[in-house]
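First structure 1, then structure 2: two forms of the same chain, each alone, as structure tokens.
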Structure 1
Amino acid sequence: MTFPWPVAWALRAFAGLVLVILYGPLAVAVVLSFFDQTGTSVDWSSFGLQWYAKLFANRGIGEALVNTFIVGAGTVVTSVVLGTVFALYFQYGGSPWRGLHRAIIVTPFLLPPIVTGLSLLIFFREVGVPRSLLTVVIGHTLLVLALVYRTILQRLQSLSPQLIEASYDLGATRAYTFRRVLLPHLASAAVAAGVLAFALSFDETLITLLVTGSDNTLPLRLWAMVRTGFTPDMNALITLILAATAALSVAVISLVRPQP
């Protein structure tokens, strides 16, 4: 559909305005991470990496960031393994309870996070499980499992049943068929689902707040700093997170992109 040139330019201007509103504050944070600030004034002659040095010297932020990566890695591994198992069961299990099985997986993702967090908090207290990073991984896994499960299930449903039948006809076992036939086709979907799971886990605050112990993750640390105010080294942290996110996105795209 072709728009008249005034409408086309108006749409481009509106799209540009939306991009500025969304990403303008991030661009400001990146620029300010290299300069000293006094109140609302910026010393443009102080260009350097001083705030990055102070960020790396900030032990509290470093511990919170390490805890966040530990929780994210645990969530990705657990959710991808469980999501793959549940997707295979739904696709090939033939159980009459598959609908209920899917509803149980999807429900924590649809519920408000505070409901999921409170339910987990009560459950852990009743069974006597102390709150720690492990309980945070469990909570995050319940949250992202539906997304991972659905991503892998869609890939399974797109595969031709003749692939499995041909493997069995040639004498392959179920384990060999999964390893040499299904797994290569599921690899890109699993990688994409893992990246999404890590992104959700990295950003999750409410469930983490309810089920964590004495170990803080980065979102909790930043949430606590809201009451006292952010220091300029947070601009350096935002810049590093943006750079890592961009690098991870490029790496994932290169992995999942079909090869010529």
Structure 2
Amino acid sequence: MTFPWPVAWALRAFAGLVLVILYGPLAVAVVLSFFDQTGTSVDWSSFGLQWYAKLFANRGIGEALVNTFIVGAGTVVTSVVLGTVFALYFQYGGSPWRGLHRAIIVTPFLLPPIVTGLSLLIFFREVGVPRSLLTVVIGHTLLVLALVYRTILQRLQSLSPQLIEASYDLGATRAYTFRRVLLPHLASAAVAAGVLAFALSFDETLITLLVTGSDNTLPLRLWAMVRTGFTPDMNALITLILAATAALSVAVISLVRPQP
């Protein structure tokens, strides 16, 4: 179907306008991160990475970045391992409770993060778990496990039972089949799910805010900076987080795409 040209052009104009209004502010932050500013007037001659330099001169950012990576790595490992084990449990465990189990795992992703975060906070206080990066990892895992689990389970369910039979037929034991057929089949899904988990963990703010101790992650640092007033190096931080998220998203999309 093709539209008459006035409709087609109106459609294009509308799409462009919405793009500018909704996503323009993000671009503004990116552009401004490279220039000096006095009040609201931009000094266009000042192009450079000075704000990035200033950002990294600030010790808190480097530490926050390291924390973000620690939490991200912890979340990836925990969620991918648990996601794989739970997917195997669902598919091959033969348990009548597997449907309920899956529903419970998927729920936290649909809950408001503030509810998840507060519940965790209350629980940690009652039980007396000191808040730290570990509790942040637990919070993030709770959040991302739903997606990681679903991604891996979906891949597992796409495995033709004939491949497993073919493996047995060729003389492979169960353990050998698991290692040579099942795990390779899951591998790319696990990588994709891991990147997804990292991307989600990287910019998670609300749960982190509630369950962290004295440690800051990047989004928390940004939050803290906003509260003490705006400084231009925040544009640099926003740009960095945007860039990282965009790169991770591209990675997830290209990994999740079905193999040729």
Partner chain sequence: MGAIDITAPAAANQRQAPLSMSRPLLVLEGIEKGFGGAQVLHGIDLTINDGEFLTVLGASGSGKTTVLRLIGGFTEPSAGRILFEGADIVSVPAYRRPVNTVFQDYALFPHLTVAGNVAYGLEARGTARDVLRPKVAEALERVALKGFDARYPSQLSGGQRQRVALARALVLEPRLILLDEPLGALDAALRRQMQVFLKQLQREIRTTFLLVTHDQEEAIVMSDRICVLDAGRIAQIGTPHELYYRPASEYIARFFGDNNLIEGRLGPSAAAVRFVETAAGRLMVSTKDQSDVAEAPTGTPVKIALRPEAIQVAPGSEFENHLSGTIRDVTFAGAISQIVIQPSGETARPLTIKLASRAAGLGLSRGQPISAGWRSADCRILLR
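The model shown is predicted, which means the values in this text are computed figures rather than measured ones. Here, residue number means position along structure 1's sequence, counting from 1. Here the rigid core means the biggest group of C-alpha atoms that line up within 1.5 Å when the two forms are laid on top of each other.
Which of these two chains, shown alone, is the form predicted on its own?
Here the form predicted on its own corresponds to structure 1.
Against the rigid core, is the Cα displacement of V28 between structures 1 and 2 at least 2 Å?
Passes the 2 Å threshold, so yes.
Comparing between structures 1 and 2 on the rigid core: C-alpha of L153 shifted by 2 Å or more?
For L153, whose C-alpha is compared between structures 1 and 2 after core superposition, the shift is less than 2 Å.
A53: CA shift of at least 2 Å between structures 1 and 2 after core fit?
Yes, the C-alpha position differs by at least 2 Å between structures 1 and 2.
Could you state, for a rigid core superposition, the Cα shift of I241 between structures 1 and 2 in Å?
It moves 5.1 Å at the C-alpha.
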